[in-house]
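Okay, here we've got a single chain as structure tokens, the form predicted on its own, with questions on binding and movement later.
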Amino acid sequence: MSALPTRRDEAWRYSDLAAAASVWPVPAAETVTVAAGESLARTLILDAPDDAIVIHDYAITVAAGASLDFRILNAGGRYGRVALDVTLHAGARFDLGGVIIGRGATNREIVTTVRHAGPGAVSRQVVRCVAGDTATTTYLGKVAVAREGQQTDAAQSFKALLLDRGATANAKPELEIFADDVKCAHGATVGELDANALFYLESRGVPPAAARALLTRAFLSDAFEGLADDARDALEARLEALL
């Protein structure tokens, strides 16, 4: 993309365009190709300093019968953006587990477009977000099913936890379907820490800050389900340090 985006571009509606302009133009998207019948796992940890501006773009192709498991921890940069454009061919599978952590006055987002280009493909997107202070966090997830994408099975799940009144969580799960034999679902919720659960932990001697961190880690754990133990341990250790 050579021209700087504007607010009229839906994928950049909630972005920090001033921050993006300071590093524009950004490098071309990284290309990831999973060959037919193969399986690939990728993990991206974005933990740059809070004054950095970081934009990662990926153009991903998952060939027939192949699978890709992609996990993202977006917890860095004054403006931190991860965008995935994924094309699934016949019988392919794509799993995304994403965590966004916003603090201070940062703006962090995950933006996905998953294109079901062939029949029988499966996609699962689970994104969890925690925002505190005056941070802005965003998940924009589009599933586009072509006419050839019969028997598509796609699901998106977004949940956000706001720790302070000034924090913001934006979500827009979107479906564009041109096939007639599909199973597609999406959901988005935004809430606060459970006051009863906090009281329960504190009444049993858990300090307030530790209780909040414990409940927050539990809330985020959905995005790491299905990972091998060593990969999950590494991500959860980084989360513990952040929280």
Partner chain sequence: MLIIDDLHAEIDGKAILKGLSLTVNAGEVHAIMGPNGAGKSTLSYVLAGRAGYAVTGGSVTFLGRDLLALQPHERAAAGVFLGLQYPVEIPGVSNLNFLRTALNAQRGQRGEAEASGAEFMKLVKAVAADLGLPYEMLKRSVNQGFSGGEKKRNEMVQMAVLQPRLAVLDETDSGLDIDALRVVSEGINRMRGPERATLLITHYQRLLDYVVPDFVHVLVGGRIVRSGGAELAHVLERDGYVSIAA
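All values derive from a computational prediction rather than experimental measurement. Numbering follows the first chain given and starts at 1.
The next section is about a form of this same protein that is not shown, the form predicted in complex with the partner chain.
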60, 68, 215, 53 - the one with a heavy atom within 4.5 Å of the partner chain in the predicted complex: 215
Selected contact from 31, 203, 39, 189, since only one has a non-hydrogen atom within 4.5 angstroms of the partner chain in the predicted complex: 203
Segment that reaches the partner chain in the predicted complex - one of 43-51, 191-199, 23-31, 178-186, heavy atoms within 4.5 Å: 191-199
Partner contacts in the predicted complex for 22-43 (non-hydrogen atom within 4.5 angstroms of the partner chain): none
